[in-house]
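First, one chain by itself in structure tokens, the form predicted alone.
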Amino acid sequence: MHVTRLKYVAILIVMGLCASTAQAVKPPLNRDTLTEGRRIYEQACAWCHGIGGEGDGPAGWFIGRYSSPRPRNFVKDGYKLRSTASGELPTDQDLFKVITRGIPGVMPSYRSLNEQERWQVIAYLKSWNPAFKEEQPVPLTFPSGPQGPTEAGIQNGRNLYVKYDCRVCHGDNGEGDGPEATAGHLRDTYELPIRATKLTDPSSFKNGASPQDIFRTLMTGMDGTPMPAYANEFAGQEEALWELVWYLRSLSGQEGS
């Protein structure tokens, strides 16, 4: 009896793993996928992003009427959160990551949708922008960083923070209180005021707060905002960029990996 029950549990586990694997498969791009993506979008996303994907949903208007960020306009806007170079479209995996994780303080996580449903929504929202049919986004290569920071590396990261004028927006100590920020000069592409990220509060990092997330954000920038990409400045100097990453992590006491 006990053996039979164990076999039954084992079968259920295997079935669950198979179902999870099958669920993770990206559905084919066809009419059924787009129809289901539209249904899910209109239930879960249109309230902020608008029925036509133009970022003009009623809730989004009230959330960010006078300041950035506004809900993404899927018809024509660029994308902030990407693994691709500045000015390029995001990859499908970039979109999947944002829908799954959400954006702190702005957009909720949609882990409540199963993986297939998330892919269906992505297929539908991409259908509004013809650029996705014309281009094949290619992610940048992000080398693995060192195992952890050193005291000398963090100090060098501090020097880079000063050299590249990060303090002008983020402040001397990463509190988001740099002179450009406090003067209200920071604007997005729609001329809406935008806040500098408070680097001492990793929970507010819109593109993730892990060392790899921060490295990616520094490389790609955040299109549509004052945050530039530093891929050219650090080309061939990835080790130095990692030192800047470790310094930024140290501002919130998260120096390790």
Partner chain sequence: MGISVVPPILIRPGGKLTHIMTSSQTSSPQSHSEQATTVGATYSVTSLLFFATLLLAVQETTLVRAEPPTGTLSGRIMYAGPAIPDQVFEVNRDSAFCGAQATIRAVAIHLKTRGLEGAVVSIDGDATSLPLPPPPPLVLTNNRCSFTPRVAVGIVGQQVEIRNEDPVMHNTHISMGPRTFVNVAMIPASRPVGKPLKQPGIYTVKCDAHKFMQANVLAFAHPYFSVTDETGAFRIPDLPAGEHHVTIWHETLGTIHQTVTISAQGQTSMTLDYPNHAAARKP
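Residue numbers count along the first chain shown, from 1. Model, not experiment: these values are computed from the prediction.
What follows is about the form predicted together with the partner chain, which we do not show.
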property: Site check 142, 151 and 172: each within 4.5 Å of the partner chain in the model of the complex by heavy atom; result: no
property: Residue 127: touches the partner chain in the model of the complex, heavy atom cutoff 4.5 angstroms; result: no
property: Interface membership of residue 83, the partner chain in the model of the complex, 4.5 Å heavy atom rule; result: no
property: Exercise: residue 230 in contact with the partner chain in the model of the complex, heavy atom 4.5 Å; result: yes
property: is_contact(residue 138, the partner chain) in the model of the complex, heavy atom dist at most 4.5 Å; result: no
property: Stretch 198 to 226: residues contacting the partner chain in the model of the complex, 4.5 Å heavy atom cut-off; result: 222, 223, 224, 225, 226
